[in-house]
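Taking the form predicted on its own, here's one chain by itself in structure tokens.
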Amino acid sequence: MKATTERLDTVDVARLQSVLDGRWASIRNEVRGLVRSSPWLRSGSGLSTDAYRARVAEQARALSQTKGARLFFPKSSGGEGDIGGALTAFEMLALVDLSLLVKIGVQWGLFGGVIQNLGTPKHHERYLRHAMTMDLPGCFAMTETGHGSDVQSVRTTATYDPQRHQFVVHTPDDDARKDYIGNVAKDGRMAAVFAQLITMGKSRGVHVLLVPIRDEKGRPCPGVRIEDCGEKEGLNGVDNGRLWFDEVRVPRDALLDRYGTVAPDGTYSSPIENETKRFFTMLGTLIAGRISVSGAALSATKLAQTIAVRYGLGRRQFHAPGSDQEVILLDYLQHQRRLLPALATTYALHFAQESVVTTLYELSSQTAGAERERRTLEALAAALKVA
């Protein structure tokens, strides 16, 4: 076997970056350029909670005027309809400030996403453009104090009144209050509320309704109680809060009715008869949120490992035998065993993330079919989120 003289201690950085940047390399480069050229895109560390929140809100409004916001939304609403590019840009912005990331994630990915995926054309026309530009700051009111992951058991109710063609949204007790909801404490004006839909005396399972929570002057709407979660151990640029509804009335078309609609007389109909299947189909359309969480966590991990590895390459400790020079930390096997397996895992997770984003992008262009592929993607996204 012929010996090779190729050096193994150098890396073609440009080639490596090209491989890592992948399909949406242009989006990654655009975000890098935006961050470098925008002094306002800096972390708010050291600020008071109120000042930090105000800074993040200002940053989010500025970002709403960029391509990054448009990527999340369909072309019919003035967007660009590129969910793969949107999730890639979102992942890159995690390197700036995680509070900002959560703020825009709630606004575009969750509030805008639930309207896009569970609403129908009337909702799209009325709300999506305003969600994209942040003219309508929104919230994603799913989690309750008593029910977080078990969404199917939330206890907020939305009872239809056929006499007035309205839903009555109600919080039966404190255990059913909406809790830790981003954008609620300060900025949100409308909430996408997950509630048990009741019509003609029968529960039809969890559905989502758009409920105004503040008026144009920022005052809570009648029947809505808002409480600030206050200062937290982290992410203090996000105004998390709690919501109670005291028989708040909203019109019949406030129901996001892609998978279940209520006629004026209260008759319920759905293209999916089985309630459990309908529920999981509805949740499945929100998969981009899961994928964005794993992307953000991955960016934070990359940043931490970059700091740790660079420190290990610069910091020296103790002299090597027969040498006057101290040894860099990363030359110690114990230090390598701590950092390098984690670094290798992060590379693997990077390519796994790129794979699920690509699959979601490709499936998003299919309006029907591919049910098996969608279920597989949901499983992979859930696993990657906790990896």
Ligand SMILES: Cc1cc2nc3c(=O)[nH]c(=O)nc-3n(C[C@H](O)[C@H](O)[C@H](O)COP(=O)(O)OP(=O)(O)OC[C@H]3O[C@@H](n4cnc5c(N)ncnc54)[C@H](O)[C@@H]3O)c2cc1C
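Numbering starts at 1 and follows the sequence shown. Just so we're clear, the structure is a prediction, and the values are computed from it rather than from any experiment.
What comes next is about the form predicted in complex with this ligand, which does not appear here.
Contact with this ligand in the model of the complex, defined as a heavy atom within 4.5 Å, holds for exactly one of Pro137, Gly85, Gly109, Gly182, namely Gly182. The partner is absent here, but in the model of the complex a heavy atom of Lys232, alone among Arg219, Arg225, Lys232, Lys202, sits within 4.5 Å of this ligand. Residues within 4.5 angstroms of this ligand in the model of the complex, judged by any non-hydrogen atom, belong to 174-182 and to none of the other stretches in 205-213, 125-133, 174-182, 90-98. For the chain shown alone, Met142 is a contact residue for this ligand in the model of the complex, at least one non-hydrogen atom being within 4.5 angstroms.
Among residues of the shown chain, Ser294 is not one whose heavy atoms approach this ligand to within 4.5 Å in the model of the complex. At the 4.5 Å threshold, heavy atoms of Thr156 stay clear of this ligand in the model of the complex, well away from it.
In the model of the complex, Gly78 stays away from this ligand, with no heavy atom inside 4.5 Å.
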